[in-house]
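This document opens with one chain alone, in structure tokens, the form predicted on its own.
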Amino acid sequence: MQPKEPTRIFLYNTLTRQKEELTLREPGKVSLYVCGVTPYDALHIGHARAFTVYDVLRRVLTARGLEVTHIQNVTDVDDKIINRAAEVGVSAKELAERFAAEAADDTRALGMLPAHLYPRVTDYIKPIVDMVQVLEHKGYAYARAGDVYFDVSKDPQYGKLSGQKLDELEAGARIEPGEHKDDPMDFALWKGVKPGEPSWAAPWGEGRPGWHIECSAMALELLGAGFDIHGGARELIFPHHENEVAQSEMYLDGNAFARLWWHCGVVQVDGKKMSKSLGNFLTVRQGLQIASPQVWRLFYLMTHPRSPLDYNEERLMQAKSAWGRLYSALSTHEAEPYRLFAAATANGTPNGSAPDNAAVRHFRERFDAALADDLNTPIAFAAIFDAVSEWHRIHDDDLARVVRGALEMLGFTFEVQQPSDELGELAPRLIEMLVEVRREARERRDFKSSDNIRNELEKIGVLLEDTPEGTRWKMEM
């Protein structure tokens, strides 16, 4: 049998508004830049969704055999940081350090791979100043009263990423008090110093970078022009990413800044934008009190990464129940290391020495195809749940090992969680008592009470599995 060609990977490019085959600047290597945190407050579940999505994208590309360089910036000087620091009576640097450290702890708690580098704006002031100088020298920027602005009118393609027309954008734009720009659509590359704000020396006087120039300068400094993938939340398309494209490509004399823009959908809460003013703001740390990292990862991935995701407690509990089914079926099997989209060997085995039978091949074909099609995680999980159902029917241990390996490749873990220390040795005895009460309810055909006990136990991480030998329980991780 002739080896098969590796499956091609397609991602939706926001810039061209179509799915495109992922073609790399350098064969075998992927350069990925993701807009990271502005550390002025705690990380929330919207941030976590975006970072989980790019964590999974990185894992999928790595499992494809590609070498990924993952850069995720930290915007450690910004209006929000300065304003919040003034409110709480600390320096902007102290506030940024605190919340950047918390964000790192939170993403670690969620099981994310650390980025290869977390560049901070304050460490890249010179490249930023140099880039602004070049834009001014080329006539794309102008200085006014210590500020420097990008002249949007000089970019004939402005609006190409967001799909908005300049005349439509200008209709709702205005010049804020204290700004000295010539046109409402122009945006700041450098901001002149104000009392009490952090500042650095520059040819236009003391000041600090504008928001958009920071990512352009750091991405170009670390990855170079024409890097492969630029990521970030969909809400950043305009103005942040639109302005990144404009200033970067004018700086590069019209050459491409990033080859492909792949955006993650935003998170809403019960159909509304998440905000503190509405009282629907859920931090990562609060979220981890409700459900495990595995449940949150599944909750995020059961919706397409580019689609909006609406959070409510019922949907999270559905994800918790779904993870319980996967954990119950697969936790006792060793994982088979999973490699994606690999070319077949001469004997037709799709993954080297991995198990190969009809059930395994059917699962792999569906799972691999879904991830190769714009990282379609809902379809990939449909393949996983169907494979688990098939395992319950045929008890094919090879299939279970491969499916567990696929889940671990996506970042899931199957470590056993011990009962809470608050209950100590008493916890297992109490659980056994509830299992017995549930058994008696089932014998009476009181299925409502039986289901209530199962559901309440699931809420605290106890998973039940009914077998011919009786009911077994496990702690969810």
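Under this definition, the rigid core comprises the largest set of C-alpha atoms superposing within 1.5 Å between the forms. The first residue of the shown sequence is 1; numbering continues from there. These numbers were taken from a predicted model, which means no experiment stands behind them.
Below: the form predicted together with the RNA, not depicted.
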Tell me which of 136 to 144, 397 to 405, 82 to 90, 261 to 269 has residues with heavy atoms within 4.5 angstroms of the RNA in the predicted bound form?
261 to 269
Just give me the single entry in Ile379, Ala104, Leu117, Ile125 that has a non-hydrogen atom within 4.5 angstroms of the RNA in the predicted bound form.
Ile379
Select from the listed residues Asp182, Glu206, Glu197, Glu235 the one whose heavy atoms reach within 4.5 Å of the RNA in the predicted bound form.
Glu235
Within a 4.5 Å heavy atom cut-off, is Gly163 in contact with the RNA in the predicted bound form?
yes
Pro308 within 4.5 Å of the RNA in the predicted bound form, heavy atoms:
yes
Residue contact check: Leu464 to the RNA in the predicted bound form, 4.5 Å heavy atom
yes
Determine whether any heavy atom of Arg339 comes within 4.5 Å of a heavy atom of the RNA in the predicted bound form, and answer yes or no.
no
Is it the case in the predicted bound form that Arg17, His304 and Arg438 each bring at least one heavy atom within 4.5 Å of the RNA?
yes
Sequence-ordered list of residues in 13 to 37 near the RNA in the predicted bound form, where near means a heavy atom within 4.5 Å:
Arg17, Cys35, Gly36, Val37
Is there a C-alpha shift of 2 Å or more at Ile453 between this form and the one not shown once the rigid core is superposed?
yes
So that I can tell if Glu443 moves, could you say whether its C-alpha shifts by at least 2 Å between this form and the one not shown after the core superposition?
yes
